[in-house]
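The chain below stands alone and is given in structure tokens; this is the form predicted alone.
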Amino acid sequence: MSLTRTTTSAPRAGTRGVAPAPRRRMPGWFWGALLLSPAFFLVLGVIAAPIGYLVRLSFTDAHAYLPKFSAVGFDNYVGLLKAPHFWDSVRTTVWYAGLTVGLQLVLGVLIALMLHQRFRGRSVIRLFALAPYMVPSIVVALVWRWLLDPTTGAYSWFVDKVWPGSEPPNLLSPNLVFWSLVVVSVWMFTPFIVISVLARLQTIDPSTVEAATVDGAGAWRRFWHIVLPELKPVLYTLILLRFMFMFTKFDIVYLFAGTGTEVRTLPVLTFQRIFGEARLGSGAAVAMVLFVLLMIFTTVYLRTLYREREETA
């Protein structure tokens, strides 16, 4: 007969009657900050640090190619405000951005409304309508300059066929190159508006439009009272985005029209100051003015939009 001994381990000294301490948990804000830290440092390194360096450069007479670097205070900004060509660049930039964005919105909405209708070959036409936005800027600039060439371009050939013996106006001359640039920019960037508006049109309940049609509402009344209110949030965003893009647009302006005074926008002026005149500090000051003007427009636009939404609500 075997005996089984049952033993009970005695509690350790110093722990008799004391419950184990609960495991300490990290607060929720710590995990939130930990998860956001990669994005924070990325924004800090990609956006905040370059802007800070640009601000520092704008208060110096730094040379673009030589190790020349000394503080000059606000001399760069004072020189800009006194220079007539600077204000000409500001007016040109505002005109260019305002005209191109306005025409893009009007044409983009009209094209999107047409492409939203049902007809044979709609998918193919949609593909060709969006093609200009996929073409690189250098290709667009070179092709359009060739098309508008007053001697060997397709434009001069077309004018000679329609009006034989007449001399077509030079669309690349200093007096007309700005308007040619506006046309080329609208042709190139309108598909962005078409894509965005067309995507919103496809989410509108078709039964609402059909009910308005049955009630006798014409095409204009259907658009004004049903379609346009649905498009307003998209259009508000597009106005802001496209104005920011066109206000800072450099590649198509420089490649198509060059650096003439008629098309010298603020980005082109910045390029001229830094790479043409090797005045890095002065170019940084122009870039800072461009940044401040863009922030002022964005702030005023968003405040106006927020106030309108509050009144509507």
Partner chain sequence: MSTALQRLSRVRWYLVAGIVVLVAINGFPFYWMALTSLKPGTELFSYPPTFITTAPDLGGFQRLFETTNFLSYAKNSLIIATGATAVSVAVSALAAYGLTRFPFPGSRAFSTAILYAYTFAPIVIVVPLYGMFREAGLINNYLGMILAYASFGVPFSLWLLQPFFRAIPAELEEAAFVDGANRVKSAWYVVVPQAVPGLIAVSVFTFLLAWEDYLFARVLITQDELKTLPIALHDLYNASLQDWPLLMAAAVLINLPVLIAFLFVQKYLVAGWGAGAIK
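Under this definition, the rigid core comprises the largest set of C-alpha atoms superposing within 1.5 Å between the forms. It should be emphasised that the depicted structure is a prediction, and the values quoted were computed from it without experimental measurement. Numbering follows the first chain given and starts at 1.
Unshown form predicted in complex with its partner chain; subsequent notes refer to it.
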Query raised in the report: Is there a heavy atom of residue 61 lying 4.5 Å or less from a heavy atom of its partner chain in the predicted complex?
Result: no
Query raised in the report: Within a 4.5 Å heavy atom cut-off, is residue 134 in contact with its partner chain in the predicted complex?
Result: yes
Query raised in the report: So in the predicted complex, does residue 253 come within 4.5 Å of its partner chain, heavy atom to heavy atom?
Result: no
Query raised in the report: Quick one: does residue 203 come within 4.5 Å of its partner chain in the predicted complex, counting heavy atoms only?
Result: no
Report task. Scan 106, 195, 81, 209 and let me know which has any heavy atom within 4.5 Å of its partner chain in the predicted complex. Result -> 195
Report summary line: its partner chain in the predicted complex has a heavy atom of only one listed residue within 4.5 Å, and of 147, 94, 182, 176 that residue is 147
**Report entry** Partner contacts in the predicted complex for 34-67 (non-hydrogen atom within 4.5 angstroms of its partner chain)
**Finding:** 35, 36, 38, 39, 40, 42, 43, 45, 46, 47, 49, 50, 51, 53, 54, 57, 63, 64, 65, 66
Query - Displaced residue check between this form and the one not shown: residue 160, CA, 2 Å or over, core reference - result: yes
Requested in this report: Answer with closer or farther for the CA-CA spacing of residue 305 and residue 91 in the predicted complex compared to the shown form; it moves by 3 Å or more.
Outcome: farther
Requested in this report: Kindly indicate if, in the predicted complex, the C-alpha atoms of residue 181 and residue 159 are closer or farther apart than in the structure shown, bearing in mind the change is 3 Å or more.
Outcome: closer
